[in-house]
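Given as structure tokens, the chain that follows is alone and in the form predicted on its own.
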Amino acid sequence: MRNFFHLKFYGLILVAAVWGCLTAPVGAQEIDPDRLLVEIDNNMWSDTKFVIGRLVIDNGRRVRTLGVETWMQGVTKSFSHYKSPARERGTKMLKLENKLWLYTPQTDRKILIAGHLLRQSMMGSDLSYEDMLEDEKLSQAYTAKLEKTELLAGIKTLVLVLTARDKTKTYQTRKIWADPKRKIVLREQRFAKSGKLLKRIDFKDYFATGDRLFPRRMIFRDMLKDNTQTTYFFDEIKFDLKIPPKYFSLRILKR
């Protein structure tokens, strides 16, 4: 009889263990969320980067396309030169550390974007100038916590809640849907300090370039607007190339 109860007891333990494995979040124990952020950043970022792309801006009434070339050095320096359409040709944007300048050929002057101007729409898109200024590595700016697992577009993702390390960040909280196998993000949400959802970004059509994966397009949505979206198409991208220092100097904003 004693052996019977011992067997029954161990049987219950085995069932409980199996049930716990079935119901526990997949990847919760073997994946470190903060380490996953680092691996995601390794896919998206490099010492330098050059992009030829298009911003397709749909405001619900009309669609317009901006052609732009961008040079980036790390997370602190970037220079964008708009090539089309004719109305926007020659517009330039320069990011140096925590400052952002805009040059327009119509006025032939450079403007420091600061204060409330940072919250304005960038070139009429779903991105703000603040989004450009705070474009940085997630692993450096946030800590991560696993919230749950969820299927997104048929892919089993880990939903991570990101909390800003710096209390002055525009988005104190972000949420990402990460594919832990490929070390990529499929969706991101950005929240106000109040918890209100402000932005959503979907990452589409990842492709292999060298030893990294990168999206061919990113779809931005300002959740405070109706029926708008901005799609950033990456038509050509090069990593770890030599960029002359002139691209990150205020002098490049002149004609």
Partner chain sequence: MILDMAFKNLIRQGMRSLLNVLVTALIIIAIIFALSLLNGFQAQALRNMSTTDVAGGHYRVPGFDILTPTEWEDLTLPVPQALRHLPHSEKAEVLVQQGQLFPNRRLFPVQLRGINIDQSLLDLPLHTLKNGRMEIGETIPVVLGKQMAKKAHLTVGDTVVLKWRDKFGAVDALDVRVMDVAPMINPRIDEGVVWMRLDHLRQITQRAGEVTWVAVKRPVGPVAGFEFQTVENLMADLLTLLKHDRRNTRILWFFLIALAGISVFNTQILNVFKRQKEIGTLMALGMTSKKIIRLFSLEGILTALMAIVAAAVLGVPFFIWFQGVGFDISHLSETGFPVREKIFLDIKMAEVVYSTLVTVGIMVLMSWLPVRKVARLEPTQALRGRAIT
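Numbering follows the first chain given and starts at 1. Being a predicted model, the structure only gives us computed values, none of them experimental.
One more form of this protein should be noted, the form predicted in complex with the partner chain, which is absent from this view; the next part is about it.
Legend entry - Non-hydrogen atom within 4.5 angstroms of the partner chain in the predicted complex for each of Glu39, Gln140 and Thr163: Checked in the predicted complex: no contact with the partner chain for any of the three.
Inset, instruction - Report the stretch among 176 to 184, 83 to 91, 109 to 117, 147 to 155 that approaches the partner chain in the predicted complex to within 4.5 Å, counting heavy atoms only. - result: Single hit among the candidates: 109 to 117.
Legend entry - is_contact(Phe79, the partner chain) in the predicted complex, heavy atom dist at most 4.5 Å: No, Phe79 stays farther than 4.5 Å from the partner chain in the predicted complex.
Inset, instruction - Tell me, yes or no, whether Tyr171 is in contact with the partner chain in the predicted complex, where a contact means a heavy atom of each within 4.5 Å. - result: Yes, contact at 4.5 Å.
Inset, instruction - Determine whether any heavy atom of Leu213 comes within 4.5 Å of a heavy atom of the partner chain in the predicted complex, and answer yes or no. - result: Contact check for Leu213: no, nothing within 4.5 Å of the partner chain in the predicted complex.
Inset, instruction - Report yes if any heavy atom of Asp205 sits within 4.5 Å of a heavy atom of the partner chain in the predicted complex; otherwise report no. - result: Contact check for Asp205: no, nothing within 4.5 Å of the partner chain in the predicted complex.
Inset, instruction - State the residue from Val56, Ala192, Ile52, Met218 whose non-hydrogen atoms include one within 4.5 Å of the partner chain in the predicted complex. - result: If I apply the 4.5 Å criterion carefully, the residue I get is Ala192.
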